[in-house]
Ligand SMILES: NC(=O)c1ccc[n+]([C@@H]2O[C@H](COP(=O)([O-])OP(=O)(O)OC[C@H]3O[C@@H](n4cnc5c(N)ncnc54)[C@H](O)[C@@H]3O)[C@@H](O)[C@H]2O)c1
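Below sits a lone chain in structure tokens, taken as the form predicted on its own.
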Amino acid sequence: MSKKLRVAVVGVGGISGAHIPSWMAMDDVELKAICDIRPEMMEKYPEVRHYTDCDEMLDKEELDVLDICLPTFLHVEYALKGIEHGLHVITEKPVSLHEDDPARVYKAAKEHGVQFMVAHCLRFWPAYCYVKEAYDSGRYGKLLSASMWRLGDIPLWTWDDWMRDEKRSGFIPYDLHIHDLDFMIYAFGAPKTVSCRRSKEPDQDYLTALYDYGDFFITCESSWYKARYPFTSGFRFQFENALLVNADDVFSIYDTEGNVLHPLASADDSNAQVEFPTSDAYFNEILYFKNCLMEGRPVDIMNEEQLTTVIHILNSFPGAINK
């Protein structure tokens, strides 16, 4: 590997606006090229080479990493393209709508001696990382219950309207709910039982799910409303000795002594009440992947089994196209 990690990004739509600046902000990375079938989408990045064909880019460029920011239904196809070119691959979530695909991609990555990662951002989001640390450490006693939500309106802005094509997007389970479920599997493992109620129509989708872990349970809401409803997300985690709440981008800790703590940037801040670094989860996930590659260590924050478990659960929901 060269002194600088040589990166290309395929797909210059919405989420690439988080990935591309993150790569460009790293001193030990060279963003060599970007690719999209829409040339106009690449005009705001004149400092890198532009391609409208990914195969041409992979053949012409000397690269170490392919970052995939394409629509869901293309993730596995392009991950395998990158892996077969001997490249490390990071792809936006979800890896696939199909339960057998994580095994296919991990097998290919092992055969070609490269690393693979799915960019599940909540694993790197400070508020969610704090919840996992509180659970692992027992800082506030046992976890008793939790509620998570991720609500918004149906996307009308995507290329080729692919998000409203269930066979290509998977609808609400794979667009929004997957964030919360992936975090649960990462933080707490697989639940003992899952139940879900869902209201799905061609132009809107809503679900509520209950995950029972035995000692605690988690309820979730996710929506694509037809009404123009502003996006909102958050959580409440009820521990024995504190309630951890993230709502309207504000994280608060309500302890059983009557205190309300609002974590700030760090414990070095004279006004800080709890050590809680503020940082960009999208940058953090890419930085983690980059550091693993540069330091020659495995990408072990996630694995094939976790990704497969998430897909298996989503495909058990009412109305799932892959049931």
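Note that this is a predicted model, so its numbers are computed, not measured. In case it trips you up, residue 1 is the first one in the sequence shown, and so on.
Beyond what is shown, the protein has a form predicted in complex with the named molecule; the following relates to that form.
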The named molecule in the model of the complex: contacting segment from 93-101, 192-200, 109-117, 136-144, heavy atom within 4.5 Å
93-101
Scan 204, 219, 232, 158 and let me know which has any heavy atom within 4.5 Å of the named molecule in the model of the complex.
158
My question is simply whether residue 180 lines the interface with the named molecule in the model of the complex - judged by any non-hydrogen atom within 4.5 Å.
no
Is residue 292 part of the interface with the named molecule in the model of the complex - any heavy atom within 4.5 Å?
no
Within a 4.5 Å heavy atom cut-off, is residue 75 in contact with the named molecule in the model of the complex?
yes
Heavy atom to heavy atom, is residue 44 within 4.5 Å of the named molecule in the model of the complex?
no
